[in-house]
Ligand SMILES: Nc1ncnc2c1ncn2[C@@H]1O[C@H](COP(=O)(O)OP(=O)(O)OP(=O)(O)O)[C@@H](O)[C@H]1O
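Form predicted on its own, single chain, as structure tokens, below.
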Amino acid sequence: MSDSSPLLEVTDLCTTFTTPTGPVAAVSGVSFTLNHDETLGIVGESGSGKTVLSRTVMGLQPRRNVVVTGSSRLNGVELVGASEAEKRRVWGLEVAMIFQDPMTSLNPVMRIGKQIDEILRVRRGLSRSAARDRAIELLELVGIPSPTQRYREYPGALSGGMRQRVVIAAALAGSPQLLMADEPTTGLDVTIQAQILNLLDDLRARLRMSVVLVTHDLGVVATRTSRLVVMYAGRVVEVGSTRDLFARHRMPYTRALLEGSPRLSNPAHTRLVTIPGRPPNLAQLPAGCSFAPRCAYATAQCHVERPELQPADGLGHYFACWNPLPTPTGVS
């Protein structure tokens, strides 16, 4: 595929879980594209469907009790409905994923270096000595000091930030074109969060990868993404360039997320603004707009008729709302 074609094309993707109380649509009709050498942010509250979406895009959903429809094409290769053998040819080599808790990705009783070696030997076909040398290079690439020494250590000997760097090194072992990062800074202090995010941005530029950054924190994506997909109750409710969504968002839910983000301009101990109410039960979604019960702008129409995405301008900005914010709003 040429660089002029999207690296990733997601079209009308749906993920429905079969539960004892009935079907639960965790992802409903999601569509977006990702270009080469681009960072896309997927944002939303916990339970909005963003993690399920990222796993579905990669083809990581189990075959039992899950129905996936739509399309997820990576370099033109369809992952929805692909066989395990077909997906294994893609995993690690074309797309890799970083999960939010590095200790769930690392084997606590296996030395760090051996865990990266295994990927290099199985996925890249390197010899034992070549895999060791490359693993040490990857540890150095992600900023781990004394990589030769760390190569021989166990995950428990490292801090949370260092373990996340090891996970990133392992993800890069197959030289993927796409890196999916699901809440990669959860549980880390603010300084380490910034280091990890700066590392991902630097690696994207140096290795010419594309990155999908999944997070609930708009502060994480503010300066590190070119486009944003805002999700609520399994659906895309606003999408556009990061700059446009921060400055001229139209969806009240997007504004609520922005207002709930901490700002340096606020005095110390300022209470964060919270969104009233609770996220909907995906097994019992209300009629109409799912955000309507929590929205200050909701009208009778919002409670009975679901809005579809509509263009805000001619520049790829879309929103799903019957009563969009009346005027563009700036954010500091």
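So that there is no doubt, residue numbering starts at 1 and follows the sequence shown. Quantities reported herein were computed from a predicted structural model and do not represent experimental measurements.
Another form, the form predicted in complex with the named molecule, is not on view; read the next lines as being about it.
- Shown alone here, residue 19 lies within 4.5 Å of the named molecule in the model of the complex, counting heavy atoms only.
- In the model of the complex, residue 28 stays away from the named molecule, with no heavy atom inside 4.5 Å.
- Of the heavy atoms in residue 49, some are within 4.5 Å of the named molecule in the model of the complex.
- By the criterion of a heavy atom within 4.5 Å, residue 38 is excluded from the residues contacting the named molecule in the model of the complex.
- Comment: the named molecule is not present in this chain, but in the model of the complex one of 34, 282, 275, 68 has a heavy atom within 4.5 Å of it, namely 282.
- Scanning 210, 115, 100, 105 against the named molecule in the model of the complex with a 4.5 Å heavy atom cut-off leaves one residue, 100.
- Relative to the named molecule in the model of the complex, residues 94, 119 and 201 are all farther than 4.5 Å at every heavy atom.
- Using a 4.5 Å cut-off on any heavy atom, the one residue of 151 to 189 that reaches the named molecule in the model of the complex is 183.
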